[in-house]
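Coming up is one lone chain in structure tokens, specifically the form predicted on its own.
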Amino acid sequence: MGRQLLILLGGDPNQTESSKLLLDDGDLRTLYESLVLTRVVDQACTDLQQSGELGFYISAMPAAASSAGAAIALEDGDWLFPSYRDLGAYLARGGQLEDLLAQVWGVEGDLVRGRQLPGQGGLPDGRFVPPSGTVGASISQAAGVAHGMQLRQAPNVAMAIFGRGAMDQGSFLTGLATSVRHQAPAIFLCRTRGTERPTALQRAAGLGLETALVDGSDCLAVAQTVATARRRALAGEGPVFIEAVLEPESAERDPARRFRGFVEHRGLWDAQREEDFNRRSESRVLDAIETVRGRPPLSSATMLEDVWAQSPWMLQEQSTRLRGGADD
């Protein structure tokens, strides 16, 4: 860990020290496929939003490299608290296209039952906790979950991904301070422009966290940094704060294109695989859109479900009225 900006993907793949990577070939291939699929899904959702079929959608591409890169370095039992731009992490953690689109459209099949803004869905078992509408809330949540796993002696970490705005919230201080107090296995990844003063790293270091600085548009560098932080946290060395710096032109970059030279150099990809995977990805997205587009909207009665283990009389009454079973 350290404060020198880590960059692994340069112009020449031969210059990347492959022998020191903490990801195996399967992870590297999955990371590249997640980036390609993120691009296809993001473009499809953007087109649907611009045509008026979707009422709300925020592009995930500016954060795709840091999102997928961070997620691929986690293990199955780890918890991820993402932001609203982390489509890449959703796909890298095994999210299904139909579940994603059902949530964006607000139709049957939405795993969070219409309780989140479009694009803020989740996955079961903590693999991808639905993003909070309250900026910075995930920081203290991740700190708490990490401490809980620590008490249970579970070999897992909790990671929160957030943006610069979260640094101005009280949860930033309380979450980081709590994780330091208990030396919890937590990882905090903050995406910035690298121009803030004091920097995110300075604030985190002042609270006692180990810190690392990484190029946020370099998916391999992000994955390597998170994997290193995970090992450190599970070794009992405390939480880690990572600042992923996104340059202004990052929004225009395609992180898959930047990564492709490396996976080809490793013998994991080639032109034919690229053509086949792009074709399959586009077909999968179109099929998922057609499947979800015709589903009925969520019933308003679902808002009262999963509130109590045994529903009290007032919720039963309200649920009946919402379903049209009683006169107003």
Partner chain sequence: MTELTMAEALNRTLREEMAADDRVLLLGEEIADLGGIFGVTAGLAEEFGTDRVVDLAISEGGAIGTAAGLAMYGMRPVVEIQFADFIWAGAEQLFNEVARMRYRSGGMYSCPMVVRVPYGVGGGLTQSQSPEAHFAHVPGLIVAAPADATDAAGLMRAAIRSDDPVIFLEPKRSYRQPAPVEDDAVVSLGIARLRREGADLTLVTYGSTVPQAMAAAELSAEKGIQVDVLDLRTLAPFDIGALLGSIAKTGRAVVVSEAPRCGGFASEIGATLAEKAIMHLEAPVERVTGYDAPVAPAHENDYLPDAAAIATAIERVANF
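Being a predicted model, the structure only gives us computed values, none of them experimental. Numbering follows the first chain given and starts at 1.
This next part talks about the form predicted in complex with the partner chain, which is not shown.
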**Report entry** Whether 1, 46 and 260 all lie within 4.5 angstroms of the partner chain in the predicted complex by heavy atom
**Finding:** no
**Report entry** residue 181 within 4.5 Å of the partner chain in the predicted complex, heavy atoms
**Finding:** yes
Report task. Considering only heavy atoms, tell me if residue 125 and the partner chain come within 4.5 Å of each other in the predicted complex. Result -> yes
Report task. Classify residue 148 as contacting or not contacting the partner chain in the predicted complex by the rule of any non-hydrogen atom within 4.5 angstroms, answering yes or no. Result -> yes
**Report entry** Partner proximity in the predicted complex: residue 224 to the partner chain, non-hydrogen atom cutoff 4.5 Å
**Finding:** no
Query raised in the report: What stretch, of 188-196, 234-242, 206-214, 170-178, brings heavy atoms to within 4.5 Å of the partner chain in the predicted complex?
Result: 170-178
Query raised in the report: Can you tell me which residues in 108-137 come within 4.5 angstroms of the partner chain in the predicted complex, by heavy atoms?
Result: 111, 112, 113, 115, 116, 122, 123, 124, 125, 126, 127, 128, 129, 130, 131, 132, 134, 137
